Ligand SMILES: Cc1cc2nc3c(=O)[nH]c(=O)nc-3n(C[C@H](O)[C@H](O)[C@H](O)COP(=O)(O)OP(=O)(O)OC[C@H]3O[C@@H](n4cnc5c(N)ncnc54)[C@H](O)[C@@H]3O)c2cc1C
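In structure tokens, one chain follows: the form predicted on its own.
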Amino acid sequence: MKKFDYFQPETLKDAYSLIEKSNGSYIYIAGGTDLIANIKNRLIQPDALISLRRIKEISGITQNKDLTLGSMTLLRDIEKDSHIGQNYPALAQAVKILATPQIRNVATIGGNLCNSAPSADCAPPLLVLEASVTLEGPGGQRSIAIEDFFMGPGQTCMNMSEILTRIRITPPGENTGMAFLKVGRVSTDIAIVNAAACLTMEKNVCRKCRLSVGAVAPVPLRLRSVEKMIEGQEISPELLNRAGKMVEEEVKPITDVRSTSGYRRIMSGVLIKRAIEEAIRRMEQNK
């Protein structure tokens, strides 16, 4: 393994200063659960790692008008937060079954997103919650919809000098339910397929629908055409079957060591139907 320098700045300003002084390749490191493995396997060979662990301004959970998650917030802290569990159950469920407790005690939500894996468990719930992310660098900051953050496997819209600092979520309205579901070889494995749904209902009619699937395309997908078909309709078995078929036609899965493309295609439709049913069930329980 190639030797590299390791820096631990305590503020964003210090991190940017290190970037400006750097003459070689550098990588920001959050929890490092994936990055260190990639370095050991010689998939990447940086000259320097800049740790974000000591930067307190990008860690923690705050709830004012919106829910704000610092990018360095541990997955375990999100899992244990009762407010998130009560009001954002899709995100809470995604984090709860992500890897193992040991990993969740180290891994961060920002790291899960910046890794930009198509199977990232945090992505589908944040997509249906229409979250935004704040990116900061020496040139300033910008806020973008999370749907625009992912560019491809391992690729995001961030510049090399930028840091994902915050994730912001607007609270869902009344009569809203949400759910996250996942299929893996074992419960703690990387998703073969994952899915999230967030629906706002008026009696039996869906007034707002947000759907997302992961591990079935180069990036986590918002299913806009399926959402449009469902909105304004009564939720019925026939409608759910139509939705499932539309999902199967929209996804673009691959075959790999975890699953075949055919199985992923079928399960994406199945999980969306189940997620819609679970979201409505949770909404009715909370009335």
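Start at 1 and count along the sequence shown; that's the residue number. The structure displayed is predicted, hence computed values, not measured ones.
Another form exists, predicted in complex with this ligand; not displayed. Remarks below refer to it.
Shown alone, this chain has one stretch from 26-34, 235-243, 221-229, 254-262 that lies within 4.5 Å of this ligand in the predicted bound form by heavy atoms: 26-34.
The candidate spot formed by 98, 115 and 182 is fully in contact with this ligand in the predicted bound form: every one of the three has a heavy atom within 4.5 Å. Residue-level contacts in the predicted bound form: of 78, 164, 178, 127, one residue has a heavy atom within 4.5 Å of this ligand, and it is 164.
Checked against this ligand in the predicted bound form, the candidates 193, 146, 107, 211 yield a single residue with a heavy atom inside 4.5 Å, and that residue is 107. Shown alone here, residue 189 lies within 4.5 Å of this ligand in the predicted bound form, counting heavy atoms only. None of the heavy atoms of residue 84 is located within 4.5 Å of this ligand in the predicted bound form. Put simply, residue 55 is far from this ligand in the predicted bound form: not one heavy atom of it is within 4.5 Å.
In the predicted bound form, this ligand sits within 4.5 Å of a heavy atom of residue 158.
Shown without its partner, the chain has 111, 112, 114, 115, 119, 120, 121 in segment 111-125 as residues with a non-hydrogen atom within 4.5 angstroms of this ligand in the predicted bound form.
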